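Below you'll find only one chain, the form predicted on its own, shown as structure tokens.
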């Protein structure tokens, strides 16, 4: 199965509650994102089996700001997956934003522990994404709801990482101001396919700022292309904006939101 097929299958599992027939051991991954908490399950052959998600604001700029809410969400999503798969999970991998402090990492670990899950592995978000994309050397740009993360990988390890606070949240603020609507209405406006052209004209400067963050981060590195992931990368013209600023080809999966959450499970154990 190609990485595009894997990501597309996982997206359907998350959105529609679908379950695939697994091969061998099941592994669980937990992605505590700024806009969504996503749990993923893969089998022994790294194929997606099931997933569940919840829109959430328990994490802000890579920091868990609502610990109790995070634990409750993980427990609820774990129970959903256990019921679908008729199994029990006792361990999971969790991903973390690059460059966060040891104290913040401990909080991520404690969320899983409070949800009765042993921590099988802690993995940087760009490494999780690279597992799905099948790259060991290159650049992953993750534009999420709160931040733009840029990571350079060599031999499967992150050798340089930058994470700055510009993401989908900032797009919403710009849209809310431009159209004089609420924050939630701005989020809906951003996702409305009928308003894509209008919206893009307003938020293009924000995307260009994200691309400029990436441009500074990759300066001095020889790259043939970059990989663009994250929920805020879903805008149709996002790859073109990044390519124009970076002067490099930009590859974006069809479902960029689900790349990193799927990759987390590839490091976990049941």
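Note that this is a predicted model, so its numbers are computed, not measured. Numbering follows the first chain given and starts at 1.
There is another form of this protein, the form predicted together with a small molecule, and it is not shown here; the text below is about that form.
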(Q) Using a 4.5 angstroms cut-off on non-hydrogen atoms, would residue 235 count as touching the small molecule in the predicted bound form? (A) yes
Q) Counting only non-hydrogen atoms and a 4.5 angstroms cut-off, does residue 35 reach the small molecule in the predicted bound form? A) yes
(Q) Taking the small molecule as it sits in the predicted bound form, is residue 187 in contact with it (heavy atom to heavy atom, 4.5 Å or less)? (A) yes
Q: Mark residue 144 yes when one of its heavy atoms lies within 4.5 Å of a heavy atom of the small molecule in the predicted bound form, and no otherwise.
A: yes
Q | Stretch in contact, per heavy atom within 4.5 angstroms of the small molecule in the predicted bound form, of 165 to 173, 129 to 137, 150 to 158, 76 to 84 | A | 165 to 173
